[in-house]
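Just one chain is shown here, as structure tokens, and it is the form predicted on its own.
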């Protein structure tokens, strides 16, 4: 008669087995913890400052004022709400133009042609330069006195334009600069989506006698919908946070009359020009909540479309 003896695993063996079952989380835990601390600690500190009257220095003594800063910001019709309007105007105008141009260029590059590699390299060139360098370059081009833009208009008999120096023309000009630099990013995303599509639906529509526009509208665009949404979300969030081009071209306050002052520029001025860290933190928290709300709405909409 054989007697089987079962031995209980030692603590070390049990720990090793548990670690083996959860190894994917254990390997990722240090990076997740580090990234979490990088997000949570600054965010918590900003929330705390937004509830105080911190001025002059973040280390100076401050009093807890609760939601007074938020009420003050919401009642600011001279700087805060105009900056909110400019932020949405800049983002909406830039993203809309970039999507239209990016789709057109991506469709042109979709099919192979002679010299396509050189064309792709030329289109991607604006992405190589930093936004500050791009802003300084276009600032010289649009200079009302020595800029090439007005010289070009003069050749065609068109009066010189104020471009960046005008109160009404500065924001559209900056939208143009942003479109010039970031349209290649949209082209890359949409081109990647187009190359992943099957040729069969387009060929079937072609056989049925559909025109190029009908094939694009009823075949290509619906198949490319998820890619378009990803491009809009990525570029939209990035455009909302635009600061470097605005500051490089217009300086403090978004210009003498705050003509291009967005939420980022407004918060920067409150922090480093006026040292009003309480109000600046309030604006940043509201800006952060705005971005989170937009991301949630887009995600919720995508889930609704899939269901």
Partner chain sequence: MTDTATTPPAADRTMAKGTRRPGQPLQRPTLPRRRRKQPAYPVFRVVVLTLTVLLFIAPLVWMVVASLKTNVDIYDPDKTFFFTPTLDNYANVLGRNNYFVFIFNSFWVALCSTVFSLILGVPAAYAMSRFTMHRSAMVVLMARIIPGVSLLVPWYFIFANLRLVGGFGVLILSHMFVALPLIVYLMMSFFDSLPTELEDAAQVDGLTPIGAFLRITLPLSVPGLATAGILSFIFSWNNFMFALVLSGANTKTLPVAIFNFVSYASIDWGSLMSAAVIVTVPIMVIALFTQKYVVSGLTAGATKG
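Residue numbers count along the first chain shown, from 1. Predicted model only: the values in this text are computed from it and were never measured. In this text, the rigid core denotes the largest set of C-alpha atoms whose superposition between the two forms falls within 1.5 Å.
Quick note: we don't show the form predicted together with its partner chain, though the next part is all about it.
Which listed residue (183, 173, 83, 91) meets the criterion of a heavy atom within 4.5 Å of its partner chain in the model of the complex?
If I apply the 4.5 Å criterion carefully, the residue I get is 183.
Give me the residue from 153, 96, 137, 219 that has a heavy atom within 4.5 Å of its partner chain in the model of the complex.
Looking at 153, 96, 137, 219 one by one, just 137 meets the 4.5 Å heavy-atom criterion.
State yes or no: in the model of the complex, is some non-hydrogen atom of residue 10 no more than 4.5 angstroms from a non-hydrogen atom of its partner chain?
Residue 10 lies outside the contact set for its partner chain.
Quick one: is residue 148 in contact with its partner chain in the model of the complex, heavy atoms, 4.5 Å cut-off?
Looking in the model of the complex, residue contacts with its partner chain include residue 148, since a heavy atom lies within 4.5 Å.
Residue-level question: is residue 264 within 4.5 Å of its partner chain in the model of the complex, judged on heavy atoms?
Because a heavy atom of residue 264 falls inside 4.5 Å of its partner chain in the model of the complex, the answer is yes.
Does any heavy atom of residue 243 come within 4.5 Å of a heavy atom of its partner chain in the model of the complex?
Residue 243 belongs to the contact set for its partner chain.
Of 69-77, 221-229, 83-91, 165-173, which is the one stretch near its partner chain in the model of the complex, taking non-hydrogen atoms within 4.5 angstroms as near?
Result for this chain: 221-229.
Judged by heavy atom distances of 4.5 Å or less, which residues of 187-206 approach its partner chain in the model of the complex?
The stretch 187-206, when checked against its partner chain in the model of the complex, contributes 188, 189, 192, 193, 196, 199, 203, 206 at the 4.5 Å heavy-atom cut-off.
After the core is matched up, is the C-alpha of residue 288 off by 2 Å or more between the shown form and the other one?
After core superposition, the displacement of the residue 288 C-alpha between the shown form and the other one stays below 2 Å, so no.
Once you line up the core, how about residue 257: does its CA shift reach 2 Å between the shown form and the other one?
False for residue 257: its C-alpha shift is below 2 Å.
Kindly check if the Cα atom of residue 43 is displaced 2 angstroms or more between the shown form and the other one relative to the superposed rigid core.
Comparing the forms between the shown form and the other one, which are aligned on their rigid core, residue 43 does not shift its C-alpha by 2 Å or more.
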